[in-house]
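This document opens with one chain alone, in structure tokens, the form predicted alone.
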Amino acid sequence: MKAELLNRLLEARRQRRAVAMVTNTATGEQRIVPRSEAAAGSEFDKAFRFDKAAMAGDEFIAIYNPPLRLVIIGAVLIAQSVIPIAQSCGYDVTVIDPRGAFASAARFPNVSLCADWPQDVLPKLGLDARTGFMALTHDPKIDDPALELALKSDVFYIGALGSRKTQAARHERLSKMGFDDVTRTRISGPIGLSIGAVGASEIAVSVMAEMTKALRLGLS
């Protein structure tokens, strides 16, 4: 690999940009392709989506995706159940909750924990296309400003806790903030796949399954 290409890969890594190193197996020529140039449904797109190398004709595609991240708003019981599953799937987890009694290291060990308001933390943290997002506090004062920032970002998944009635009220509030119908449909709520989950642990399974589907197959 030429030094110029290596430097570009390292810079993409620092900026959390997904790129592929493409090598022509016939000529040895190499080039870098950003994910933004991968046509939907192409071998490039599938390779990026599934984090795996692929062949397209004579070209070998090596994927360099940024590490996966999960941002959870709300240091709640469901979050405690979601986190170990997410970590086992390779996510770097950040939990944000301004309620200090909830956001304690004793309750949430081995994660990045922020006892501040989401609107103060998220702009510094950054929300990108390799980040999943969950709003779990069930408190509009905390969840809504966070959802506002998530909807303006490229996160691949947005889930929000609450019943259908809660979700309808949430949509009404977000509509008043200026978000149109299409944008608001990015929010999955009630959160998780409909599998009849009971209790925090089963809900966590349904939530992680839904987020995995969004990551690998896209939302439908």
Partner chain sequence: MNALETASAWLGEGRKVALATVIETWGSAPQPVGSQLVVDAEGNFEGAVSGGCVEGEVISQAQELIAKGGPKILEFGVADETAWRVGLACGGRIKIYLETVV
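Residue numbers count along the first chain shown, from 1. We call the rigid core the largest set of C-alpha positions that still match within 1.5 Å between the two forms. These numbers were taken from a predicted model, which means no experiment stands behind them.
The form predicted together with the partner chain exists for this protein as well; it is not shown, and the discussion that follows is about that form.
Undergrad: Indicate whether the partner chain has at least one heavy atom within 4.5 Å of a heavy atom of residue 50 in the predicted complex.
TA: Close contact is absent here: in the predicted complex, residue 50 is far from the partner chain, nothing within 4.5 Å, heavy atoms only.
Undergrad: I'd like to know if residue 54 sits close to the partner chain in the predicted complex, meaning any non-hydrogen atom pair within 4.5 angstroms.
TA: Result yes; residue 54 sits at the interface with the partner chain in the predicted complex.
Undergrad: Does residue 28 reach the partner chain in the predicted complex, with heavy atoms at most 4.5 Å apart?
TA: Yes - in the predicted complex, heavy atoms of residue 28 and the partner chain come within 4.5 Å of each other.
Undergrad: So in the predicted complex, does residue 1 come within 4.5 Å of the partner chain, heavy atom to heavy atom?
TA: Flag for residue 1 set to yes.
Undergrad: Answer with one of 44, 157, 64, 179: the residue that has a non-hydrogen atom within 4.5 Å of the partner chain in the predicted complex.
TA: Contact with the partner chain in the predicted complex is made by 64 alone.
Undergrad: Which one, 54-62, 159-167, 31-39, 182-190, holds residues whose non-hydrogen atoms are within 4.5 Å of the partner chain in the predicted complex?
TA: Stretch 54-62 is the one.
Undergrad: Even though the chain is shown alone, can you say which residues of 4-21 have a heavy atom within 4.5 Å of the partner chain in the predicted complex?
TA: Residues within 4.5 Å: 6, 7, 9, 10, 13.
Undergrad: For residue 176, does the CA position differ by 2 Å or more between the shown form and the other one when the superposition is done on the rigid core?
TA: Where the cores coincide, residue 176 shows only a C-alpha shift between the shown form and the other one that is less than 2 Å.
Undergrad: Tell me, please, whether between the shown form and the other one the C-alpha of residue 154 is shifted by 2 Å or more, with the rigid core used for superposition.
TA: After core superposition, the C-alpha of residue 154 moves less than 2 Å between the shown form and the other one.
Undergrad: If I superpose the two forms on their rigid core, does the C-alpha of residue 31 end up displaced by 2 Å or more between the shown form and the other one?
TA: The answer is yes; the displacement is at least 2 Å.
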